[in-house]
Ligand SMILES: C[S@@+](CC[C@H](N)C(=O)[O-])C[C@H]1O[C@@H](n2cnc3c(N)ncnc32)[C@H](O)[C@@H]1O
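First, one chain by itself in structure tokens, the form predicted alone.
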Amino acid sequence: MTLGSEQSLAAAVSEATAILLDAGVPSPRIDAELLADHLLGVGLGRLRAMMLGDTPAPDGYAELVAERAQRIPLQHITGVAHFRYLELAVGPGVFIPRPETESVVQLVIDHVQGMVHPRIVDLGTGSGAIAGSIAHEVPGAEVHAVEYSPFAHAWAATNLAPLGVKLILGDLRDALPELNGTFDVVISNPPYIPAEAIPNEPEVALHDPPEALYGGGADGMELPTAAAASAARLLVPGGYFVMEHAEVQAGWIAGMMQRTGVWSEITTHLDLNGKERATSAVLAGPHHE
């Protein structure tokens, strides 16, 4: 099946949907529409109205659909990822932010409600989705972000510069030692996939950078454990920590944090699909090594 150059927009999107469905793309219709809108720039509402008439398909549409059919991530083709209220620049070398992370950000926004000038740090910021959303939605916040990968750091710099986030290139394991004990909130979505667990989706397995996926060690828990240790170092007593993880890791993470003896109010949070997606805790008191 090939898209013809003389097709109407409606026929082209319909055929593109069939091509993407055949390729196993999880959301073929919406992806077909978003690729058309990437070329036309009219917004999905207007695009759907145009499909009711005889508007011709845009030039270059067939090529974009062919790329997506090869399971190249939609966001790499369009160069844009939507996250909460932000439109983020993304591409090769940076983790594509996921919708389920939006609810993890909401935990922090709810927690700092009423705080005048909260200091917040995002460990392992990737594209800057988490740090940028907090800066955008909590106007009085002082937001810092740490990213280890030079490639991801470059994308984050583009996304975070307009939002006033203080971005550093560094390792979440030892970053910001000069700011120990000064943050009200630490949030992290660290790499957490076990070494042997290859993601099912080609978009993830072949295109998300490995350093953003695999958490270290056979169980993937090296970096999540390190993120919790850094949070204990960086937070003020009574400070709030929230970390995203795989649903199967919730019990392990709660147990790990319990054993350190420095955390209280350890709580598991469900995402919109009812999966155990994040764990939060409060730093019980001054942290001692």
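What you see is a predicted model, and the numbers here were worked out from it, not measured in a lab. Numbers follow the displayed sequence, beginning with 1.
There is another form of this protein, the form predicted together with the named molecule, and it is not shown here; the text below is about that form.
Although the partner is absent here, Glu201 sits far enough away that none of its heavy atoms falls within 4.5 Å of the named molecule in the predicted complex. When contacts are judged by a 4.5 Å heavy atom cut-off, Arg173 counts as touching the named molecule in the predicted complex. Using a 4.5 angstroms threshold between heavy atoms, Asn189 counts as touching the named molecule in the predicted complex. Among heavy atoms of Thr101, some come within 4.5 Å of the named molecule in the predicted complex. Contact annotation: the named molecule lies within 4.5 Å of heavy atoms from the stretch 163 to 171 in the predicted complex, the single such stretch among 135 to 143, 73 to 81, 163 to 171, 110 to 118. Distance criterion of 4.5 Å from any heavy atom to the named molecule in the predicted complex singles out Leu223 from the list Ala69, Leu223, Ala254, Met50. Using a 4.5 Å cut-off on any heavy atom, none of the residues of 69 to 88 reaches the named molecule in the predicted complex.
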